[in-house]
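Take a look at this single chain in structure tokens; it is the form predicted alone.
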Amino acid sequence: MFLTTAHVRKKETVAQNCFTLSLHEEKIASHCTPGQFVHVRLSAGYDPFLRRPFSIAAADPAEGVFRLLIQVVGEGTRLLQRIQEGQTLDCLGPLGSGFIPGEAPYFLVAGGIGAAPLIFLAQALSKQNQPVRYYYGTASAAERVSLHAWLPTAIEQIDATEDGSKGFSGRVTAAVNRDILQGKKPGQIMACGPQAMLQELVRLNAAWKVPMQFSLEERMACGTGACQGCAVEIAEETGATNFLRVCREGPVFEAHKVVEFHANASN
């Protein structure tokens, strides 16, 4: 973990209310792994007081550059949207624990801005010549980021939009279910997205019975585990439960251990 200054090499609008930042900071770019994040200070003053967490979407250690994919959803991200190329950002990272490779083939399931950590994961798995299918769901084509410049050509991408304006018509979880029912069985599912999407994956997995890892999205204050404000209830192998910090022990957890999803699935 480093507290450092990153220089904005490039800023680009890539979709409705969505932009990317390419940041030059050699230590973070060299040490980050898929699923980790950076905690970014948004202003020199105290408004907003708290940093904001952003998943690392790509990293090039040779160039000393890492990339963020950011959706504008509140005052903090609106402030960040004003930054210009050549300026700097105060960054803390890389933080958290990332994805742990399992059994191939891999199905990566992204909902909205949840695409970010899975882009980084897809790149890493492709370098290992692992078979990957990347499912990317958004409400409409206008909200969709073109991933062709991000994903290696060997990776098969399946788009899904809820309004049917691009790719599969319906939720991304339905596209995954369609393919599994047609015989395309994954060895591992890695997912990041809205809570409802993750909950639906848990429900469907009662039939699939596939190992799954989720990158959870939680509000964070410190980003280092000190405040314990982002804790989630996790089931231990013994049957007991414990509260673990999304920013420290996560954000990636084995899906079957996240108590909230299974409690809701049984209601």
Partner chain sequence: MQTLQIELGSLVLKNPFMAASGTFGFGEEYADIMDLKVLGALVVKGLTLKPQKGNKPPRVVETPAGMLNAIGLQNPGLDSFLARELPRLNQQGIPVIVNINGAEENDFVTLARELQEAPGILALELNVSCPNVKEGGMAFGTSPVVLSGLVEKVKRVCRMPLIVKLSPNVTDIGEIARAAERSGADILSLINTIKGMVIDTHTATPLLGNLTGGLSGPAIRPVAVRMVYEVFQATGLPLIGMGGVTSLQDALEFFMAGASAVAVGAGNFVAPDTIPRLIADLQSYLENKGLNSPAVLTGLAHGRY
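All values reported here derive from a predicted model rather than from experimental measurement. Numbering follows the first chain given and starts at 1.
Separately, the form predicted together with its partner chain exists; it is not shown, and the next lines address it.
**Q** Within 4.5 Å, heavy atoms only: does M1 come near its partner chain in the predicted bound form?
**A** M1 belongs to the contact set for its partner chain.
**Q** So in the predicted bound form, is its partner chain close enough to R248 to count as touching (4.5 Å, heavy atoms)?
**A** Judged by the heavy-atom cut-off of 4.5 Å, R248 is in contact with its partner chain in the predicted bound form.
**Q** Consider M197 of the chain shown here, and say whether it contacts its partner chain in the predicted bound form, taking contact as heavy atoms within 4.5 Å.
**A** Flag for M197 set to no.
**Q** How about A226: is it within 4.5 Å of its partner chain in the predicted bound form, going by heavy atoms?
**A** Close contact exists here: in the predicted bound form, A226 approaches its partner chain to within 4.5 Å, heavy atoms only.
**Q** If you check A221, L216, V202, V210 against its partner chain in the predicted bound form, which one has a heavy atom within 4.5 Å?
**A** Contact with its partner chain in the predicted bound form is made by A221 alone.
**Q** Of the listed stretches (64 to 72, 202 to 210, 26 to 34, 46 to 54), which one has a non-hydrogen atom within 4.5 Å of its partner chain in the predicted bound form?
**A** Looking at the other structure, the answer is 46 to 54.
**Q** In sequence order, which positions of 66 to 99 have a non-hydrogen atom within 4.5 Å of its partner chain in the predicted bound form?
**A** Result: L92 alone.
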